[in-house]
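To begin, one chain is listed below as structure tokens, in the form predicted on its own.
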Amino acid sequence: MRTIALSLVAVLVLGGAAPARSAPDDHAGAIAALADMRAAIAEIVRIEDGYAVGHAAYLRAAHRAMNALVGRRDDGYAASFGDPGDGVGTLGHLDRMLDQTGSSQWTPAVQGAKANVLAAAANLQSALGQKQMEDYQADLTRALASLALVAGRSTEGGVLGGLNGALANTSLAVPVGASVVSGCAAPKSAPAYGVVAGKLAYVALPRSAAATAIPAGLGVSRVELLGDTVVLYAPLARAAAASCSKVSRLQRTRVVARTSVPAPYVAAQAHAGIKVYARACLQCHGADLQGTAGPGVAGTDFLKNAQQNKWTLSELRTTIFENMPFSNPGSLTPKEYADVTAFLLAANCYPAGSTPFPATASPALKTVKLGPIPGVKPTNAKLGTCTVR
């Protein structure tokens, strides 16, 4: 490998000597959080509708509901009463989602869900201290009301939508490894998730499998048949469509002369690269890409360093594809390497184009010099980075 590529290893380490954390599967986390919440509700409803009598039976139900909500790591978890959930708890799943990712379209819904889980847990804690049955039942009723807000409605957005609204209308609907395409255009293949600015526009499914392959948590406002593809539009698909023109205007303002700036990737790749970065890179390079155990990989300092050292995109690609993650080089698939490279280009404010970043070596990349992008206004002016959604 050339000397310049070797020097890049010291500057760009997508991973580190320590093993990387597992990729945060936010979609699966939301589904699991809802499952634990339903387990808690089932305990409350069962004791209220059943024939169990005695103070001990009611306390057991409240403890089990609490266990399903808070998870075994919480001080409020009482192992002796058993757990109808998965042990992580609704609160545990929501905390993981909020701790391991940056802000997104679904963040307010998850933050609101967490607040309502805490309110329900407080109601259950109060119920455990009650001596009168009517007071106990009043606390459980308040807990159920809070849990209804955690679930929310698929036809609502933001905090009011809860987890169901986020799963139905944002990128939270996308499972790890699923194909993501621009929600501003009709799908060219299926299955695929049409996303724009973090909002879900549609899910495209093969006609032959549409009846059995509808994703968990998906809400549908309209169904359209395009050849052999069934397109299921999200409840708030119109809001997603309205973002298309905004995204287009933003892209135009970021670049003074688009023809002078290379754009060797497509937006869907950059979006897919978010989760690859979270799995293989975040531990050493941080959520803001400025570096922790490893160096920064995006922003003003990175681009200035690249310009001073006259790095080309080909050399950057070689370093990423052949030397990363540092502790396990070559462990990603060619698609994952291409996606995470696209994500880094987008985070460095390179605009998306119509040509995907290549999974194989391309001589054309040798002519692309890395450095600050003329006329770009970064999302984060302090760091010089652009938000990728």
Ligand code: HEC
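One rule holds for the numbers: they count along the sequence shown, beginning at 1. Note that the structure is a prediction, hence the values are computed from the model and not measured. Just so we're on the same page, rigid core means the largest C-alpha set that superposes within 1.5 Å between forms.
What comes next is about the form predicted together with the named molecule, which is not displayed.
Contact annotation: S179 falls outside 4.5 Å of the named molecule in the predicted bound form, judged by heavy atom distances. By the criterion of a heavy atom within 4.5 Å, A280 is counted among the residues contacting the named molecule in the predicted bound form. Contact annotation for R153: at least one heavy atom lies within 4.5 Å of the named molecule in the predicted bound form.
The named molecule is not shown here, but in the predicted bound form it comes within 4.5 Å of a heavy atom of N305. With the partner omitted from this view, the residue of G87, P295, G82, P206 that lies near the named molecule in the predicted bound form is P295 [heavy atom within 4.5 Å]. In summary, among the residues K199, H285, H93, K275, the only one with a non-hydrogen atom within 4.5 Å of the named molecule in the predicted bound form is H285. For the named molecule in the predicted bound form, the listed stretch (221 to 229, 69 to 77, 124 to 132, 296 to 304) containing residues with heavy atoms inside 4.5 Å is 296 to 304.
Every member of the trio T319, L332 and V340 reaches the named molecule in the predicted bound form with some non-hydrogen atom inside 4.5 Å. Applying a 4.5 Å heavy atom cutoff to the named molecule in the predicted bound form picks out I320, M324, P325, F326, S327, L332, V340 from 320 to 343, in order along the sequence.
Remark: with the core as the superposition reference, the CA shift of I44 between the shown form and the other one stays below 2 Å.
The Cα shift for L172 between the shown form and the other one, taken after rigid core superposition, is smaller than 2 angstroms.
The rigid-core alignment places the CA of R279 2 Å or more apart between the shown form and the other one. Figure legend: C-alpha atoms of A204 and K275, shown here, are separated by at least 3 angstroms more in the predicted bound form. In the predicted bound form, the separation between the C-alpha atoms of V340 and L167 grows by 3 Å or more relative to the displayed form.
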